[in-house]
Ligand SMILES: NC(=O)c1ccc[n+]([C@@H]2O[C@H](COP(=O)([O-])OP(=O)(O)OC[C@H]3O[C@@H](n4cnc5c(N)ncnc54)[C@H](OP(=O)(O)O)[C@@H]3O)[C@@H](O)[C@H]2O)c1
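A single chain, nothing else alongside it, follows as structure tokens in the form predicted on its own.
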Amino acid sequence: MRGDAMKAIGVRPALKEVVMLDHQKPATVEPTQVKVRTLDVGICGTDREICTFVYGGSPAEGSDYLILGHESLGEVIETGAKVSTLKVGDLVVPSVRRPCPDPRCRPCAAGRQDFCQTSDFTERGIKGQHGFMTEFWVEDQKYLTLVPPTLRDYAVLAEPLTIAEKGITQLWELQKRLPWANTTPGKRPGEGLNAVVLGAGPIGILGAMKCVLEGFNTFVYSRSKKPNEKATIIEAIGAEYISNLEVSPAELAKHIGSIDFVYEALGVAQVSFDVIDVMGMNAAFCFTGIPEPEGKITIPGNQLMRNLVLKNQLIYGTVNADGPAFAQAIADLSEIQTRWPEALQKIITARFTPDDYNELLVGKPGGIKNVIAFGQEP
């Protein structure tokens, strides 16, 4: 390896290769930039989809490859002259999406690129801009969130938690259309309401934790029958785990009563629409999964439309997250660590070295959340 090079894991889309690369070490060039040493990078379904070359993976500008990784935790090792929010030694997590260049895109101009109107945004490690699955990276301070040292082992989970943070923030905004949230002093807004989380992967488990923190009576509806490790985590946080192999959506609704909110983290359209069909009055459904574009399902379209109108229901999607969602994710991870330390610990299955990248990205590693740990010193 050259003296100015570092290890990086990425894809060459034109060759359909997943490779270990020698990538030039980055340098700060703007006074508000920060140089970061990578500690942990989480592996998620998006990374694996990119490595099958069916989603994302467009190379960074001027390159024929894309460095992967968007779930990251790092340590600040250098700051620019105008960096005011961070110092050397701080732990940070980066956001993912960067604004599009179109001055007419009002969300991007307002710093809300998670709602970009043009689709010309870039996403680090996903689309058009190198990610964090490498030894060092540079980023502007405005895209970084400070992490307390107590969360060193778990802050890599912040990015997947932001999906729930943004989705539930939107929920409270959308449901202001009626008296829905609990506004009793001393109560959490979800108290008295029932939430169903579809799926028990990392995004589903973290979404269930967020729902419980918000006060919802929470149920996780997933495929595998009990006993299993995911069900153990779900029940440890006070939620109920139910297998969709044993309980139909109609039986689920009968068991719960009114299904007031559904947080989808499964990516399976048929199950999702089957549950939409049994939602209660004034219910809301949040989609976060991205199934493959091919394939069709059968749904009772007339009945679904009747329910949406006659029951005042709503369906919305959410993708990516903004700075406040990352800040709230760090705050909630601290509360999760206090309330359910063993459950939080079980989400991260294992930490691997960068040399294990192939099995993690294109193999069948198993577990809940696998992490690549970069241990090199600067």
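Residue positions are given as counts along the sequence shown, with the first one as 1. Since the model is a prediction, treat every value here as computed from it, not as a measurement.
Note that the form predicted in complex with this ligand isn't included here; everything after this is about it.
Visitor: Mark residue 130 yes when one of its heavy atoms lies within 4.5 Å of a heavy atom of this ligand in the model of the complex, and no otherwise.
Guide: Flag for residue 130 set to no.
Visitor: Does residue 288 reach this ligand in the model of the complex, with heavy atoms at most 4.5 Å apart?
Guide: Residue 288: yes, in contact with this ligand in the model of the complex.
Visitor: Please check if residue 222 has a heavy atom lying within 4.5 Å of any heavy atom of this ligand in the model of the complex.
Guide: Residue 222 belongs to the contact set for this ligand.
Visitor: May I ask you to check whether residue 230 falls inside a 4.5 Å heavy atom distance of this ligand in the model of the complex?
Guide: Residue 230 belongs to the contact set for this ligand.
Visitor: Please determine whether each residue of 265, 271 and 320 possesses a non-hydrogen atom within 4.5 angstroms of this ligand in the model of the complex.
Guide: So, yes: the whole triplet contacts this ligand.
Visitor: Look at the stretches 311-319, 338-346, 59-67, 325-333 and give the one with heavy atoms within 4.5 Å of this ligand in the model of the complex.
Guide: Of the options, only 311-319 has residues within 4.5 Å of the partner.
Visitor: Can you pick out, from 96, 91, 200, 144, the residue that has a heavy atom within 4.5 Å of this ligand in the model of the complex?
Guide: Partner contact (heavy atom, 4.5 Å) among the options: 200.
Visitor: Only one of 279, 157, 108, 163 gets a heavy atom within 4.5 Å of this ligand in the model of the complex. Which one?
Guide: Residue within 4.5 Å of the partner: 163.
Visitor: At 4.5 Å, heavy atom to heavy atom, what parts of 241-258 sit next to this ligand in the model of the complex? List them in sequence order, or say none.
Guide: Contacting residue: only 244.
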